[in-house]
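The chain that follows stands alone, in the form predicted on its own, written as structure tokens.
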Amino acid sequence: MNAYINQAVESFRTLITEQLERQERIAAGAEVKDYTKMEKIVIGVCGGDGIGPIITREGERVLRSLLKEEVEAGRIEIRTIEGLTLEKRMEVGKAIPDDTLAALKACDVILKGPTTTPHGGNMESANVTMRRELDLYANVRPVNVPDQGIDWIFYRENSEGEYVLGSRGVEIPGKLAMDFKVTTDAGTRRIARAAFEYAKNNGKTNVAIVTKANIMKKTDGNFSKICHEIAEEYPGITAEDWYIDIMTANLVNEAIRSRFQVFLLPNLYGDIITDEAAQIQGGVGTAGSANVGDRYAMFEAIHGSAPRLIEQGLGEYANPSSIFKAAAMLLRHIARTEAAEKLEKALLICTESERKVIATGSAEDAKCAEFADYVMETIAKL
């Protein structure tokens, strides 16, 4: 037993040292990329697993259509990034193969399909690895249901919390297992500033800080405290504390939910509650997600790889709406606002007002490519 304890203590010492070094790197800051001044932008398209290659194929088609002139002029390059499949990752024993990671780092922004993470074992999620390696610290997820007064945007801290060390806990076999949660001051300050900057720049007056600070007093307590320190720099914007359990109830409370605007959350809570919010919007298949850092940005659907659809032979019937919304967020990020607005308007027409072609994952409805055709035909009419 003492041998297990000593091993755990040494492992914990290593983790603390690594995380303090990471805190210092974050505090040092990085130069923020200005896409309006770049002569060329490289967009990587990474299919992933299950329905990922199917929906990203259509996402790439839409991007190429919207960016046709710039692609032909060489101002934008769209690259296919291989090797993020579960089979390849299992073969090399890494969450992201080295050559794939190098290819991703050679891009400026990435459109990514969902990836599968094995249950158990020590293989980390490809998403968690990518967020760490590219320092994608802000996960931004909008949810909009106009007829219910819902216009939400979630700023989820993306590089810390329970996920940063998720595969590096300690275990005494047959006795106990422990995982760790990490909150750094510098990491919290930058996600808080991102949320309050968005609120200031978009006319929002309320930021809900969502934690469980009454129980997780060190980690969530510091997260809340630092967020309020940042809030003091933004007069006119109210910062409110909410606990994650009551906030999950508030999102389905029609009497209160329309008052919320911007949400600011640690990693795990943001992961869970944004799926709930997406379900209110119409399902996780309707929501896109941005993972943003100073140097890189990655855009993806928030749903998984849907292995059951593949097993049932229905992969080609997957709904690509989520990856299209992610593509629209990508376009806004690289300052192609007009193209983003066209795609967003077309999606509203195709999914809300006209609904001439519907993709649901059922063979009774349209295929993924048929819905993409409908979206592109609608864009052409705008």
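Predicted, not measured: the structure shown is a model, and the values here were computed from it. One-based numbering along the sequence shown.
Although not depicted, the form predicted in complex with a small molecule is the subject of the following passage.
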Heavy atom of residue 261 within 4.5 Å of the small molecule in the model of the complex: no
Indicate whether the small molecule has at least one heavy atom within 4.5 Å of a heavy atom of residue 319 in the model of the complex. yes
Report yes if any heavy atom of residue 302 sits within 4.5 Å of a heavy atom of the small molecule in the model of the complex; otherwise report no. yes
Taking the shortest heavy atom distance, is residue 127 within 4.5 Å of the small molecule in the model of the complex? yes
Exactly one stretch in 237-245, 219-227, 293-301, 179-187 has heavy atoms within 4.5 Å of the small molecule in the model of the complex; which is it? 293-301
Just to be sure I understand the contacts: of 167, 117, 206, 144, which is the one whose heavy atoms reach within 4.5 angstroms of the small molecule in the model of the complex? 117
Pick from 268, 309, 153, 251: which residue has any heavy atom within 4.5 angstroms of the small molecule in the model of the complex? 309
